[in-house]
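So this first bit is one chain, no partners, the form predicted on its own, shown in structure tokens.
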Amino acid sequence: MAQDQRLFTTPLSRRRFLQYTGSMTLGGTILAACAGTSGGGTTSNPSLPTLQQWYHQYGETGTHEAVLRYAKQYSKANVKVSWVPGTGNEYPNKVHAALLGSNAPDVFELQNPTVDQVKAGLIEPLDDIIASVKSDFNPVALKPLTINGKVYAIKMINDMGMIYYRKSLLQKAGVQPPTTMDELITVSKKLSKGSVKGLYIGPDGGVNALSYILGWAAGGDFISDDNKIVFNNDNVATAYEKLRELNASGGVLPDAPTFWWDPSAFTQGLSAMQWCGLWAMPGITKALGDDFGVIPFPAVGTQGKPATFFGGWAEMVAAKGKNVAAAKEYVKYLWIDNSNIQIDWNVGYGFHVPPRLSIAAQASKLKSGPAAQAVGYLNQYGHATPPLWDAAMDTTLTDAVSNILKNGANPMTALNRAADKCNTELQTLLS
């Protein structure tokens, strides 16, 4: 499995998800983190600035050596890499704490910048280094990185999710890959035979995996471009009602030893289909050969469209660092100028999509088969929430979806209550 799913761009449950998938190893204290392995030249050049760079600890073999190599190859600064351990939210918490202190890392990765960080002047805008290639990034992927019209992070990798299906099992059942939510329910039931269920979406019935996907697949969104809460509408309510119908159909695997981001339920034959991420494709290929296909999450309702998410990690620069200009130049070297590094980091160890469209097109591993299909789905159907959508809103929404699914709550009633709470939080952020 991938070092981590590097998925969503915001917050709480999804952020926990980001840290749990594959990386699963953050931990320790700020002081311990700062004592991480260093990279750069074999001997420091005293005439050059020294940059402190933080990564969370990835689980994919070779990633640690790769970031040390990138740092060592850079000739315009002495780059010292800290490979920060921890679990759950520990890494982002350590970064946030360090930014408030006197010894913040010059360069660091997070899923996305936050409004609070910008208000406090903790992170540096990067519009000048991205300007010449900004059109080479999918604008949806830039959405979580942009606050008040300024870009505060450069994407390092893109991740996305999709439904994997066993070709042989669909053929045996005489069904085609579903293109609508209603078809997904029907196909899941038809594929359920004996100990094999039709679909796996996690032990919580898809609350964690699909709360956002369903809203987007119904043609909805969560915060509008003019900063209004907009998920409490009939289309989104219907989508969550359909999730309840899906779970009640008998076609869903109710539990498995692993969560939805791990493909084991699918590769071990517990389900004929599974919602999972691009990061799982190499393991699925190894287990099943070419006996699988991929589709985006199907459209819900007449106004819906297929959907997936833009997730991943992004590089940022501390605004109060000692060498801000040098730090920005290093970020530009890594994620704007150096195509070899961008391809190596995305497909050399795990399986992800280089954020720049032109660089992704150069990655040979993404040019054919299901991988190429996945890249197409991401560019055509990918969604992301803006920085104003924060952890409190995330918790409110997922609690509402859980209430609809598990307690039979009226979808519109639950969404209206959640929207009221989210709007209160939004007004606080906007003030």
Partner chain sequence: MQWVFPIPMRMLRMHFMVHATVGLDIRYVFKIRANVQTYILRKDEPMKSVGTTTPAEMLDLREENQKSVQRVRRQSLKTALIFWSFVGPMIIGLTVFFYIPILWSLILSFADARATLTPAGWVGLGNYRAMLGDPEFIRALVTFTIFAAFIVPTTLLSALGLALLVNSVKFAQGFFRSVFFLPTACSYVLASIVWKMSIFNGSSFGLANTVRHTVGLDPISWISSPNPPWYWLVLVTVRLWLQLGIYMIIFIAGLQEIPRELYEAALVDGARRGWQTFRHITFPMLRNATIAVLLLNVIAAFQAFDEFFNIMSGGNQILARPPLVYLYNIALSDQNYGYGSAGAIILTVIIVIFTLIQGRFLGFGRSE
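Here the rigid core means the biggest group of C-alpha atoms that line up within 1.5 Å when the two forms are laid on top of each other. Given the structure is predicted, the values throughout are model-derived calculations rather than measurements. Residue numbers count along the first chain shown, from 1.
The form predicted in complex with its partner chain is left out here; the points below concern that form.
- The chain is drawn here without its partner chain; in the predicted complex, the stretch among 386 to 394, 61 to 69, 359 to 367, 372 to 380 whose residues come within 4.5 Å of it by any heavy atom is 386 to 394.
- Only one of the listed residues (334, 256, 287, 319) places a non-hydrogen atom within 4.5 angstroms of its partner chain in the predicted complex, and that residue is 256.
- Comment: its partner chain is not present in this chain, but in the predicted complex one of 221, 182, 344, 90 has a heavy atom within 4.5 Å of it, namely 90.
- For the three marked residues, 122, 270 and 429, a heavy atom of each sits within 4.5 Å of its partner chain in the predicted complex.
- Interface residue remark: residue 402 is counted as part of the site for its partner chain in the predicted complex, having a heavy atom within 4.5 Å.
- Its partner chain is not drawn, but in the predicted complex it has no heavy atom within 4.5 Å of residue 242.
- In the predicted complex, no heavy atom of residue 143 sits within 4.5 Å of its partner chain.
- Residue 96 belongs to the set of residues with a heavy atom inside 4.5 Å of its partner chain in the predicted complex.
- Along 168 to 183, not one residue places a heavy atom within 4.5 Å of its partner chain in the predicted complex.
- With the core held fixed, residue 102 shows a CA shift of 2 Å or greater between this form and the one not shown.
- Residue 232 shows a C-alpha shift below 2 Å between this form and the one not shown [criterion: core-superposed Cα displacement of 2 Å].
- Taking the rigid core as fixed, one finds a CA shift for residue 120 of 2 Å or more between this form and the one not shown.
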